[in-house]
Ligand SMILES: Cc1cc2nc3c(=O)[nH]c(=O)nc-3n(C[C@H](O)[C@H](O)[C@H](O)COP(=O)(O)OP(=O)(O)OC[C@H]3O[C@@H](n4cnc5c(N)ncnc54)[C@H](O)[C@@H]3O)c2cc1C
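One chain comes next, on its own, written out as structure tokens in the form predicted alone.
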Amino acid sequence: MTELDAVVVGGGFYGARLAFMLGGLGQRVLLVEREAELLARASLRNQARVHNGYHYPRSILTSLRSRLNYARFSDEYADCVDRSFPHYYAVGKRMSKITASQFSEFCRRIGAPLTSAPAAVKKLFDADRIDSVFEVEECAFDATKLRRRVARELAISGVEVALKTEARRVARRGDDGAVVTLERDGDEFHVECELVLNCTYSRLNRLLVDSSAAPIPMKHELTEMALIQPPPELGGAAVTVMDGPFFSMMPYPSRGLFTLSHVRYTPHCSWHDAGDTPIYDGDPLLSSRASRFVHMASDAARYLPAMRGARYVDSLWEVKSVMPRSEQDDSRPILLRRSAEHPACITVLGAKIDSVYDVEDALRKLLATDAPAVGAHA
């Protein structure tokens, strides 16, 4: 049986980054990913926005952490981000949870750069439905470039990567450590380790329940990001309408397209994980779905008429997972929770891609103090 210091389950950006961190500390680390590539699921199938605080006016703490992490991420991964496009935030007149003046004051409080959009840009919006339009500073990441860089860094740090490999369950090894059962090509094998990091995002509870551990209350949504060719009138700009049942259009650098998402139409269905119900695997929902692009674009055109010229290309389907409290205050908390049944196993739930720095800090503190659980906010 192989003996390691740590097994990290889940080869998305969070799992890969934490494996790299542990490898840099001299630990023997195995990173397990059931897909054929790293960063192939939630890290790839998303809006690709690097948040700079603007998106969370109802959660000052989340916004402030975004501001700090934005600068750090965009500097460290400068070779993986696209800054070439202008980005405009428009505030709706009706159904918005904030006004334009409130949004402006919010940005001043968190120190987020904000200027009035050029007159030519403002004219593109329906003045009867839009209160005001601002230009902001926000970039997008290229998941393909990020994957290549992550793979290089893992190799340098000595982390072993096992692709097409799934962690089936975790068992206790005496009073400390764990035995992880892995499966590859239908064959099971076991590894012993001192630490297990469960970084499987929408499948966190699957591993916990299959290990006879208590699940974490979570909400899941089947989401669609429409991939589009944007209207030429926008000149390659990103657009986000705040703060309610509106839309957002962002560059998607890895395919040279844009994503179109909508608060009302992007979620196709939802379900909850709870201790008294079976854990539902949403992966079968990812295929054979009908796109809601027509509904997204039609509603977006009410606020930005040029959106009638958007052209549908494809859709990104993924299961999005959040803790239920995020539904109330729009916060994006991170979570590190040690399993009571398997003390060597720590479940990690991130939020935005740059929240990984908060996760790293929290994990270092948890490992240093050997506390039973730790939670932080991003």
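Sequential numbering from 1, following the sequence displayed. Because the structure is a prediction, the values reported are computed rather than measured.
This next part talks about the form predicted in complex with this ligand, which is not shown.
Could you spot which one of Tyr201, Phe293, Tyr88, Phe247 gets a heavy atom to within 4.5 Å of this ligand in the predicted complex? If I apply the 4.5 Å criterion carefully, the residue I get is Tyr201.
Answer with one of Ala344, Ala310, Leu336, Ala42: the residue that has a non-hydrogen atom within 4.5 Å of this ligand in the predicted complex. Only one option qualifies, and that one is Ala42.
Interface stretch in the predicted complex with this ligand - options 22-30, 316-324, 336-344, 63-71, non-hydrogen atom within 4.5 Å: In the other structure, the partner sits against 316-324.
In the predicted complex, do Gly53, Phe134 and Val239 all reach within 4.5 Å of this ligand through at least one heavy atom apiece? Not a single residue of the candidate spot has a heavy atom within 4.5 Å of this ligand in the predicted complex.
Would Thr223 count as touching this ligand in the predicted complex under a 4.5 Å heavy atom rule? Looking in the predicted complex, residue contacts with this ligand include Thr223, since a heavy atom lies within 4.5 Å.
Do Glu166 and this ligand come within 4.5 Å of each other in the predicted complex, heavy atoms counted? Yes - in the predicted complex, heavy atoms of Glu166 and this ligand come within 4.5 Å of each other.
Heavy atoms within 4.5 Å of this ligand in the predicted complex: does Ser59 have any? No, Ser59 sits far enough from this ligand in the predicted complex that none of its heavy atoms falls within 4.5 Å.
Phe141 near this ligand in the predicted complex, any heavy atom under 4.5 Å? Close contact exists here: in the predicted complex, Phe141 approaches this ligand to within 4.5 Å, heavy atoms only.
Going by heavy atoms, what in 7-21 lies within 4.5 angstroms of this ligand in the predicted complex? Residues within 4.5 Å: Val9, Gly10, Gly11, Gly12, Phe13, Tyr14, Gly15.
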